[in-house]
Each structure stands twice: as structure tokens, then as C-alpha cells.
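Given next, in C-alpha cells, is a single chain: the form predicted on its own.
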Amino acid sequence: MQQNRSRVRQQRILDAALRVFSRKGFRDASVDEIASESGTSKGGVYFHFPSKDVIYLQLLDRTVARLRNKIEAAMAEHDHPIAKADAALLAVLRTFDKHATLARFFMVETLGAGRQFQSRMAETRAEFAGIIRQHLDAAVDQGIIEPLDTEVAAQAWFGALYEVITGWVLVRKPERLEETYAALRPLLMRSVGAEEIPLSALMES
């Protein structure tokens, strides 16, 4: 019972911190503001998280885990390797489309938060690009696409997605982030010489 209450309190603090960091950025946000936003005392925040840095890293890790779960669930719906890579990118878009505050925290505020957080983001980008590369490699092995440098291609795919999401966070156009994928997708497919699977098949999944 006590452990459950503690976990609920931790999540409430992290949820509050996400809102504060998204509004003010890491440097201007204070533990006092996080405490006030979460309805917790400053001492209560420090009881669960020894520093603002730890709170931020916990938020990054929680966001990465959420994205990873969404990606894995989306890819599990498909057998074709290009469809799996396709579904992974669409899952990221859909997640941030539904959680704009999360998108701002993850895509924008972390850039100015400090070197340790940028390093964590670099690891995350490498992890997700690695997922794309894995399925591009499978497509090459199965003769679906011609041999190519899948590492560079995967970095380009995820980098393009990153730029699209960042731009959307800043200007909020179009209204639905998912709408951007209809324009981005043909460019990605042509970049690796893949035949397009109907987008409707992914949108319905």
C-alpha cells in the first residue's frame, strides 16, 4: 500500500515537472514551482528526487519508454520490414500528436537543458534509428530494396521525422501532426527505393 502511494506521488511530481519544464525550460524551472504544480511540499519533491537534474532525466527515461512501447506495438501489427519501419515512425508522430506538452519537452526544451541531457537524447536517437536500420537491413536481405548504407538511411529517416515534429511543436501547423506524414512518407520511401505500401493500411492500424 505504502509503495503504491509512493509511486503515485512520484508520477504526480513527474507529471507536474513535465508541465513546468515545457513552459519554462530546464534552466528557468525551479523545484519550488514543481512542488507547487504537483501539490507537494518542496521537501516531498526532494524525498523522491534528490535534484532537478534527476527529475529531468527521469522524465526523459519515461518518455523514451513510452515511445518504445508505442513503436513495438505498432510494428507488431506488420510482417513486411518496410511496413514495420513505416509503422514505427507513424507511432512516434501519433504519440506526440496526442501529447503536445510531451513533444515540446522532448524535442525542444532538452536541446537547451545541458550536456548530460543532450547526451541522453543522442543515445535515444541512436536507439530509434537503430530500430529503423534493423528493418531496412531485413528489406535488403529479402531483396525488397537494393543494397544501400542502411545506417545513413535510418539516421536520415529519423532525422527527418525529428525535424518535422520540432517544427510542428514551434508553430503548431498543420493542426494534426499526423497529417505531415502523408507528405514526408513518399520522400522516405524514394530515398531507399521502396515501393509504397498504401498509407491507409498503416493509418487504420
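Keep in mind it's a predicted model, so treat the numbers as computed, not measured. Each residue number is its position in the shown sequence, starting from 1.
Absent from the display: the form predicted in complex with another copy of the chain. The rest refers to it.
inquiry  = Taking any heavy atom pair closer than or equal to 4.5 Å as contact, tell me whether Asp149 reaches another copy of the chain in the model of the complex.
reply    = The answer is yes: Asp149 has a heavy atom within 4.5 Å of another copy of the chain.
ask   = Does the 4.5 Å heavy atom contact test between Ser36 and another copy of the chain in the model of the complex come out positive?
value = Contact check for Ser36: no, nothing within 4.5 Å of another copy of the chain in the model of the complex.
ask   = Ala122: heavy atom within 4.5 Å of another copy of the chain in the model of the complex?
value = Yes - in the model of the complex, heavy atoms of Ala122 and another copy of the chain come within 4.5 Å of each other.
Residue contact check: Ala153 to another copy of the chain in the model of the complex, 4.5 Å heavy atom = It does: once another copy of the chain is placed as it appears in the model of the complex, Ala153 has a heavy atom within 4.5 Å of it.
The unique member of Val64, Ala160, Val31, Ala138 whose heavy atoms fall within 4.5 Å of another copy of the chain in the model of the complex = Partner contact (heavy atom, 4.5 Å) among the options: Ala160.
Stretch in contact, per heavy atom within 4.5 angstroms of another copy of the chain in the model of the complex, of 111-119, 68-76, 81-89, 95-103 = Of the stretches listed, the one contacting the partner is 111-119.
inquiry  = Need the contact residues for 163-179: heavy atom within 4.5 Å of another copy of the chain in the model of the complex, sequence order, or none if there are none.
reply    = Residues within 4.5 Å: Glu163, Val164, Thr166, Gly167, Leu170, Lys173.
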